[in-house]
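Only one chain is included here, represented as structure tokens and corresponding to the form predicted alone.
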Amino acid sequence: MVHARLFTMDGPGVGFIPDGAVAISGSRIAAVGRTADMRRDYDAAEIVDCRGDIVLPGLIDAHMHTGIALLRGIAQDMDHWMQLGIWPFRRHLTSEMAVAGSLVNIIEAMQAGTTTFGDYNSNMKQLLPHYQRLGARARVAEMIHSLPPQQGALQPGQLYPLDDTVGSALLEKNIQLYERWQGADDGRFSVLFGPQGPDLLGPELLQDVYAAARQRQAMVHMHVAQGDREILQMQLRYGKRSIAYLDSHGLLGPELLAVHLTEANTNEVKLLAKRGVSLVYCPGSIGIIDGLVPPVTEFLGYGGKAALGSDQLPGNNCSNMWNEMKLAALFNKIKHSDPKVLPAWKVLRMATVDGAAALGLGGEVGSLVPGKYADIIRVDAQATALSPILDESLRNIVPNLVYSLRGHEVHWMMIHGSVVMAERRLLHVDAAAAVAAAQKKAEEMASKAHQEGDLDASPLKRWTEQGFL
């Protein structure tokens, strides 16, 4: 790849090379530098001219639930979004429906530049063939909880019943997932352990999950302090807030990937950073469903490592990492009344090299440096959203990428050294057919929920009847 406006993300900034080139050998990057130097020092079987392109590492979505993608758009603008928005549909979501929706979710994210997926679902093994087929990189976990069936009948504030025999069976599924997929497809797949939250499984089972992860040197992917619902459950059951509880059991450390931290206070954030915990910040999801901005800037200020995630389509509506970058910067500027907070270059790093480090993939992806996997995207520099481009006395490219790009400007993608998208067409899937199949399954799900009266409490049903939707 030659003659690119190249952002390697190497070093403390964005690693810009104005006329850059990348040499690829097999699945990995062999060399990076100026085009003139690379053309002089290297021979290539194929040369790709990237004039008119901005070339970057593939984007990393560190936390998402693609298995509930068919529930897109049913849990916004309401209190108790899970109980009133998700649960009325969730019990009608069959495994076939989850598989159909997941494929569309992954396609959407790839078309906007995501190459690495931190997917976190129940029945994860059913979804991994999508990643295998599409050629994407996946770092996944089985969602482990101890909620018995019919948890959808619970009311806000009610103490959840827990049955650790349920959770033990899910832990076994996570172990089986690890044994089958860890390191599969030449290292494109890796497996974490996924307790859903400290409030959703008992202390002995949580210790068992950590023991299984530590035995395999795997990370733990868990929602932590994700909302007042969780904090209330922890205080009712254990008399402690989530982070203090985890710390008292020796469960805060570099192996933990903590998602959200919506309700974490200053002392808790400081403790997490001190313990080496990594954070996944999901600005769009938490902004829409909770109207809050988690303490990501505070966490970074204490030296913590943070990634970005799109979370889930019921609340966030989209899996577009350009959107998450913009919202992360925007929300925190507003929260702190300071336009200097989370500048564009910083959130771009959170979606690439810093996100890879938080996800435990810092040595493999996230920047364009020799030895890392060749996960690369090309963005059309002629797109109206990037015009005009200034890159001599000062550069405006990164601010325009973060604050203006919509995702469709990404037109080419390579993952693990193989081209998987060209001219905005994913090469290994019929996207239109996938959308049509998911639509049919979504209509079946909604029909069942309607027939059984499960939608009666949904604000969206009322607003539909009133003509607001």
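Bear in mind the structure is a predicted one, so any value in this text is a computation, not a measurement. Heads up: residue numbers just count along the shown sequence, starting at 1.
Omitted here: the form predicted in complex with another copy of the chain. The next part is about that form.
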{"property": "Residue contact check: Ile389 to another copy of the chain in the model of the complex, 4.5 Å heavy atom", "result": "yes"}
{"property": "Touches another copy of the chain in the model of the complex: Leu205 (any heavy atom, 4.5 Å)", "result": "no"}
{"property": "Contact of Met421 with another copy of the chain in the model of the complex (heavy atom, 4.5 Å)", "result": "no"}
{"property": "Arg180: touches another copy of the chain in the model of the complex, heavy atom cutoff 4.5 angstroms", "result": "no"}
{"property": "Candidate from Gly291, Pro161, Gly301, Gly239 lying within 4.5 Å of another copy of the chain in the model of the complex - any heavy atom", "result": "Gly291"}
{"property": "Answer option from Val398, Leu170, Leu134, Ile86, heavy atom within 4.5 Å of another copy of the chain in the model of the complex", "result": "Val398"}
{"property": "Three-residue site Ala244, Leu359 and Gly362 fully in contact with another copy of the chain in the model of the complex at 4.5 Å by heavy atom", "result": "no"}
{"property": "Answer range among 231-239, 328-336, 90-98, 368-376 for contact with another copy of the chain, defined in the model of the complex as heavy atoms within 4.5 Å", "result": "328-336"}
{"property": "Contact set, 301-329 vs another copy of the chain in the model of the complex - heavy atom within 4.5 angstroms", "result": "Asn316, Asn317, Cys318, Asn320, Trp322, Asn323, Lys326, Leu327"}
